[in-house]
Each structure stands twice: as structure tokens, then as C-alpha cells.
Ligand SMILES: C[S@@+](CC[C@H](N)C(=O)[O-])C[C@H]1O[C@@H](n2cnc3c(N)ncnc32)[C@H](O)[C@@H]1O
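Next up is one chain by itself, shown in C-alpha cells, the form predicted alone.
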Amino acid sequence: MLSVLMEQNTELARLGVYNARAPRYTSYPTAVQFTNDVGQSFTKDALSALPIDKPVSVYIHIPFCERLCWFCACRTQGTKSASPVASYLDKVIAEIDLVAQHLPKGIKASHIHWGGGTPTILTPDLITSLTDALEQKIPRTKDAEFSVEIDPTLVDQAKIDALVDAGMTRASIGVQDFELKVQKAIGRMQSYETTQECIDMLRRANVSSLNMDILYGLPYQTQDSVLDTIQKVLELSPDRIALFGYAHVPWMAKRQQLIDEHALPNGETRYGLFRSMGAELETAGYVPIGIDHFAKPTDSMALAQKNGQIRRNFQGYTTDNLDTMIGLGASSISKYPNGYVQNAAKSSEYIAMINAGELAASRGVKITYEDRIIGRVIEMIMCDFAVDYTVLQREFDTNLRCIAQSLLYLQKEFKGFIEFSKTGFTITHSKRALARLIAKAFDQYSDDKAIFSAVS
């Protein structure tokens, strides 16, 4: 077994897994292709063209935090005062009204997600105000899913009660790591007891599903420390677990400069940490989903994967297979059938556009028919580790010539890791480690000068 593992590691090193960087492919084309040529006019046309018989997803970004964790690369800003948060929320509510002016009457939302930042920085009154405003303009379907990212250090019973009253069905809880030395190194102090108290409150409130986010590749993590964190997570028994690799991009996220780079594990060690943590979760009965998610066998995500219905979007892996996601708030990204659009990233610019009575759409990219085909191929790779030509031909009624050169490249470069047949191909070895590199082979916009997160 040891010799097999060493041989596999050698092959992965040859393919560049331990030092390669690639997009996470939560969209195609990726956000590096966004330009200012696609913005407000495109968004107005995309909104007005939506069919009323198809529901949409809605994402709302709350970019405020009381503490700025050093590892985070999200668009966030710190505040110790409630005033900026309340003022910002007024603009989000105004944006909801602006968006609704271009939507056909009758559009409903079947998936809603609040992310951040820290959505639980909102007071109960603000939670209610935001929910009411959205429900008035884009009402929910009867079976709508409503998920909220929750910081256990910034939530109390009143906020949970307000979220439950608002219809929250799933809570996503940030943990990252329970080891004190690691927490100090990333600027995020959060005890197991605080996390457990938060989960207890959610379960007493009958929240039907709990997610937990864990990071590997952080400074000072060891095999023993990450397995200790996993054991603590298992004691809390979440329905889903996202096991993300830490993306160290200090040139983009200046706060990451506070992290000691010398304490970060190298690519091969990162991969070893993930393998150990993933194996522990599988031993406990969790089903691996794609490259970095795990779920209980009875969870809807595990069932969706079993039925070939798992999808990937800006929230990662999801059961949401809708064509449209409307992003609200600063830096949020909308997905339409014919393109992606991102709101102004800086809160000040976002607020100025809303104050002027304009949509906050700032930059984006149009999707061609070929992009849709390749995007679906990439999604299959990231979700299923396999591509089925018959499904593609049924969905797109095409001869798939646009992926012919990429297939030839794969047959040459990934020989022994991919099994090809007349009806498709399957990644047979080191699936999770190779998925992003194999997906990149199909990326017609791939730019080696663009710097993405580590593959390992």
C-alpha cells in the first residue's frame, strides 16, 4: 500500500498537482474574463427576458464583519458600529426594487442564500426588513430553500429566531479549524464550545439542515491537529461539510499578508492533509461530493449526486439547477442564461450607483453557445469526474467538435488517469486532485498569467 501511494504521489508531482494553480470553476467563463463592456444594459435585457414559469435563485451579499479574519479573501470590511450596516441594507432593499422594475411579473425565487462577510451581523429587525422587502418583490415558492452563512461568535437566540421566522431552512457555519495555534495564526478565535452552543440553538429552532466549513492548508496544521478538528466536527454531526483548501493570495487579499507564509504547508503536505481528513469523514459515513464536499447519505446533496443531479455555481456544489441567479449587494455576481454580471465591488461605488437610481451592474461576460457546451463539460468533470457525450448531445444537439482538441490533449497528458470510451470519459485515479487540471484543459480562455488558487 505504501509503495502504491508513493508511486501515485510521484505521478501527481509529474502532472504538476502539488504546485499547479487553476480556477475553481464555479463559473465558465471564469471571473477573470469579466469586462466593463457587459453591465447595466445587458442586465436590464437579461432580467426582462426571464420566463415567468421558471423560478430563480437569489444571492444577497452582506460585506460587513466585526472582525476581519486574516485568511479570508472575500470582499468584506470591518465595522464596530451598526450604522454602516443599516445604511447598506437600505441600499440593498432599494436595489431589490430597481431589479424588480425590470423583472416580468410573476417571477419567484426557489433558492435564497445570504453570504458575506457576516450576514449574522444584521440585527433581528434588519433581518426581518430584508426578508419582507425581498418577499414583496420576488416572492418565494412554497418549497423554497433559504440558507444563511452564520458566524457562531456573532449570533444569539434573537437573531436565530428572526432567521427562522424569515423561513431559513439551512445554516452554513464557519469553523475553519479548532486548533488554538492555527486560530491565532489566521486571526480567527472560535472555541468548540461557542460553535456547539450555536448549533444547539439552531437545532432547538428546528433548522432542518446544517453545513460546516473547514479549511486545510492553513499555517501550523499537522496530520494530528486536522484529525482532531475533524473528530470535533463529527461530534457536532453536521449534514454537510465543505472541506476547502486555503487559497493564499496576499496580492489580492492584503490582510493575508498577516499570515506567516513560512508556516504554510507545501503542496504535497496540503494534499496529504486533505486525504487524511476526507478519509476520516468517509469512515464516519459521509459521502464525498465533488472535489471538496461531504454529506450524510440521506442529505439532499448526496441524493442529488447519486442521481447525477449535482451542480456547481458561485456557492460551490449545490442541488440548485436553475438557469438564473440574481446577485444583490456589493460585489455579488448574477448568472443569466446568456452571461454573468458582477455588481460594483466596492461598497462606496455600489452605494453611489444605487443612490443614482441605477442598477449596480459593473462588469461581466456574455456566454456563447460554445461556452455553454464547454461550461457543461467542466461542470461534469467537477461534479461527476466523468463526461457523458450522449448527455451533451441531448442537451445541446451538437457534434462536440469544440472539445475535440482538448480530448486529444487529455489522451496524451493524462494517460493512465482517464478511461476513454465511445460515449465519454471517466477520471479513474486521483479524481479530486486532477479535476481542476483536467477541467482547465477545456478552458478556451485559459491564461497562464492569471494567478489562481492552488490545486492541491
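One rule holds for the numbers: they count along the sequence shown, beginning at 1. Since the model is a prediction, treat every value here as computed from it, not as a measurement.
Another form, the form predicted together with this ligand, is not on view; read the next lines as being about it.
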| query | finding |
| --- | --- |
| D151: touches this ligand in the predicted bound form, heavy atom cutoff 4.5 angstroms | yes |
| This ligand contact at Y246 in the predicted bound form, heavy atom, 4.5 Å | yes |
| This ligand contact in the predicted bound form: A86, any heavy atom under 4.5 Å | no |
| Close approach of T269 to this ligand in the predicted bound form, 4.5 Å, heavy atom | no |
| Among the candidates A73, I333, V207, M353, the residue which, in the predicted bound form, approaches this ligand to within 4.5 Å (heavy atoms) | A73 |
| Position in contact with this ligand when the complex is considered in the predicted bound form, options L202, L215, V155, M168, heavy atoms within 4.5 Å | L215 |
| Stretch from 353-361, 142-150, 160-168, 277-285 whose residues place a heavy atom within 4.5 Å of this ligand in the predicted bound form | 142-150 |
| Contacts with this ligand in the predicted bound form - residues in 156-176 whose heavy atoms fall within 4.5 Å | G174, Q176 |
